[in-house]
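Coming up is one lone chain in structure tokens, specifically the form predicted alone.
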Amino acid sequence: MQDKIIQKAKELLSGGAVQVVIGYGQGTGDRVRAIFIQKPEDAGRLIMDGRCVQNLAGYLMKHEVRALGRAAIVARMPVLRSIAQLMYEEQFKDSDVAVIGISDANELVDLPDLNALKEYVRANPLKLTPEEQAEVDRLDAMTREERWAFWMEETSKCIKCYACRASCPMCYCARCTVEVNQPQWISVPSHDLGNLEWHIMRAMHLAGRCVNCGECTRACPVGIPLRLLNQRIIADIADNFGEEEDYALAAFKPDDKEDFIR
């Protein structure tokens, strides 16, 4: 697989189809990091193994990366889902990005354009793994009071570093609500109320948009299981809105089962 990714990157760069390839490279120690390949002869620096789990899609939104020219990106399923969602939100178009797709079976996927990507994502809808579903079921088995106590305890650890926001490809606003102080929507200090407000607001902004990549939980320095909160919402969205491609909270159907839409 790694050799195929390197070969594809060389072809795209050599032919001028893209000016940069975003992928995984060796970091410090046993870590991997995002790398940006601009020359065909450097494509050999790309790696692909079990450590390569970072969601690279967020880099597509960076003005520094866009300034490099058209990008190709090494994309596992979470990255593919991220790109599909960002396309729906009109953050870029087909001419902005090429995709080196990788299936869950660790095989190279031929995705000649972003329409093909959208079809591939639609054919592979987001589903929780049995382990993830078990964690959601554990939450559901709690009483309302127990769930409240659980999340109050977890969010009380928050130090307001916003690493979850920085790592999430869906958090791309130039100015976040937490940085607005006239009026101030979210309390700045890291106390129980401010922490709860921040995490509830962010969870609602991600409702129907989260791709379950786990970046928020991996980035959290105090170990808050933010992915679990989003997974619970993913389950609610699937139950109430079905497996729609569109952002569930930004779309409606005239025949919606709820009366409020009429």
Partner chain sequence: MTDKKTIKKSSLDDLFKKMMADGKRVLAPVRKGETVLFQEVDGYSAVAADYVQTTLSAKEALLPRCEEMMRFTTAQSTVSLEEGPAKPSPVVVFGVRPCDARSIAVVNAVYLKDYNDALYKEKSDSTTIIAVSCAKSDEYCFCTSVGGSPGSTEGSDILLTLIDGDTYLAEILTDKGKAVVSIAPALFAAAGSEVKEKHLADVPVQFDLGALEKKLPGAFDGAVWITQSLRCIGCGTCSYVCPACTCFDIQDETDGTRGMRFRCWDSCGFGQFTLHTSGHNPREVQSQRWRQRIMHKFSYQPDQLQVVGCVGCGRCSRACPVDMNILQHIKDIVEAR
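Positions refer to the first chain, counted from 1. This is a predicted model, so every value here is computed, not measured.
Missing here is the form predicted in complex with the partner chain; even so, the following discussion is about that form.
Picking from 96 to 104, 114 to 122, 78 to 86, 167 to 175 the stretch near the partner chain in the model of the complex, with a 4.5 Å limit on heavy atoms, gives 167 to 175. Although the partner is absent here, Lys127 is not a contact residue: none of its heavy atoms lies within 4.5 angstroms of the partner chain in the model of the complex. Though the partner is left out of this view, Ser156 does reach within 4.5 Å of the partner chain in the model of the complex, counting heavy atoms only. Using a 4.5 angstroms threshold between heavy atoms, Ala163 counts as touching the partner chain in the model of the complex. Under a 4.5 angstroms non-hydrogen atom cutoff, the partner chain in the model of the complex lacks Gln91 among its neighbouring residues. At a distance of at most 4.5 angstroms from the partner chain in the model of the complex, none of the three residues Glu11, Asp110 and Cys213 contributes a non-hydrogen atom. The partner is not shown here, but in the model of the complex the stretch 44 to 81 reaches within 4.5 angstroms of the partner chain through a heavy atom at Gln54, Tyr59, Lys62, His63, Glu64, Val65, Leu68.
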